[in-house]
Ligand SMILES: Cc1cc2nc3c(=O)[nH]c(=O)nc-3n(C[C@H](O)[C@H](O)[C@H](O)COP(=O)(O)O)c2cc1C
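Just one chain follows, in the form predicted on its own, and it is written as structure tokens.
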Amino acid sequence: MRDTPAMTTLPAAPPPSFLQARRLRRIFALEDLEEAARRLLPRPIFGYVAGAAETNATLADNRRVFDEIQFLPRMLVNVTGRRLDCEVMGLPYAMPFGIAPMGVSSLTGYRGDISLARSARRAGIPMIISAASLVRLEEIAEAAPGVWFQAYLSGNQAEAAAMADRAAAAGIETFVVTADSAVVPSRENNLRTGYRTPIRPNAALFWNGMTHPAWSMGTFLRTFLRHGTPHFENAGPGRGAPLLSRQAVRDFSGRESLDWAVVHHLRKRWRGRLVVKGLLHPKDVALAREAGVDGVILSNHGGRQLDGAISPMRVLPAAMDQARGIEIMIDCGFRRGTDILKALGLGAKFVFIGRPFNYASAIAGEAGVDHAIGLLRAQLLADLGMMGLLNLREMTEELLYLDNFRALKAG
């Protein structure tokens, strides 16, 4: 077995504080993290992370799809010595899941991007830095080498090239182009919970700070006192707008001109691994393959973009028909080891998980993320044994019952 990223030693996570340890005491599964974060975070901040677009139909189906797939486990198999190691795009990892890009991780938890990256590195799994991060990608990459970077690009090829050059200079080797965020969606749920971009210093913000002192003192004020006004650090080749500035809206809009020409241009320039995230249609998977990318991440952005968009799990079988040499990864709605095994059984190479790790970082920093990763590791090892399997490569479609599964068929 080749070395995994975890074998490059990082210091242990700082021990959780008394309050953090108390919060983690009753976290037995990833689903428990959401309620803990709801209690900790102000309503607008929690609502921004937890919510989705319009009616939340896509968000709901991202979970419902897993109930339509059942297992056909094998019995009386000696399952001692089970292993979770895997490989994606030539990279060895300790487990078949990673941390998806999340832009407000350092608003929900103090220096959250650093916590996520360091925990992922220790565990031997990848973390994807978000273009909407409040911590510079260079600082994150230095703290945890091996992170990936996800960019929001426009149709400006020169800007895309400059962004890629910046990532390369930071030591990033995997560049992810997000394809499903060129148009700003309808997020009326944010308005209902009181979330605004930019964040406005007003009476409502003051009241939220007063009623959520652990967050306001431990994350919000601590960030301002130690690091000054947070900026969107990775929105472009240079520093982005301040979190409290109206320019923040500008930095993440006006990207409607993004098209496949930008991907082709990047492929000629970028020497590392190139991934396109946010594809759902099988024909787009074929176009990605023709553009020379190394992999795609099937995704509907956690239900945060087009409401009513299909779940990536329903697309997976048809996408696999178009893969033909590129790696198919997937995100959206994954919460348990059994969810991951179902995706692997349908052909996915790797799974990314977002919101639960955001919540884990918010409630207990690195210790919280370590705890969440450990829960999934324990579930996967147990699930693999109960399936009668020794390793992830043995998880195939013949071990799944799919008669009730409404999958998209390849055209």
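Note that residue numbering follows the sequence shown and begins at 1. Everything numeric here is computed off the predicted structure, so don't read it as measured data.
Below, we refer to the form predicted together with the named molecule, which is not included among the displayed structures.
Chemist: Specify the contacting stretch among 340-348, 46-54, 366-374, 381-389, defined as having any heavy atom within 4.5 Å of the named molecule in the predicted bound form.
Modeler: So the stretch in question is 46-54.
Chemist: Check each of R118, H231, R304, R314 and return the one that places a heavy atom within 4.5 angstroms of the named molecule in the predicted bound form.
Modeler: Looking at the other structure, the residue within range turns out to be R304.
Chemist: Exactly one residue in H212, R122, R335, R111 has a non-hydrogen atom within 4.5 Å of the named molecule in the predicted bound form; which is it?
Modeler: By the 4.5 Å criterion, the partner-contacting residue is R335.
Chemist: Answer for F175 alone: is it within 4.5 Å of the named molecule in the predicted bound form, judged on heavy atom distances?
Modeler: Close contact is absent here: in the predicted bound form, F175 is far from the named molecule, nothing within 4.5 Å, heavy atoms only.
Chemist: Please tell me whether any heavy atom belonging to S361 falls inside 4.5 Å of a heavy atom of the named molecule, as the geometry stands in the predicted bound form.
Modeler: Result no; S361 lies far from the named molecule in the predicted bound form.
Chemist: My question is simply whether R38 lines the interface with the named molecule in the predicted bound form - judged by any non-hydrogen atom within 4.5 Å.
Modeler: No - in the predicted bound form, heavy atoms of R38 and the named molecule never come within 4.5 Å of each other.
Chemist: Could you tell me if Y152 has a non-hydrogen atom within 4.5 Å of the named molecule in the predicted bound form?
Modeler: It does: once the named molecule is placed as it appears in the predicted bound form, Y152 has a heavy atom within 4.5 Å of it.
Chemist: Counting only non-hydrogen atoms and a 4.5 Å cut-off, give the residues of 68-100 close to the named molecule in the predicted bound form.
Modeler: Just A100.
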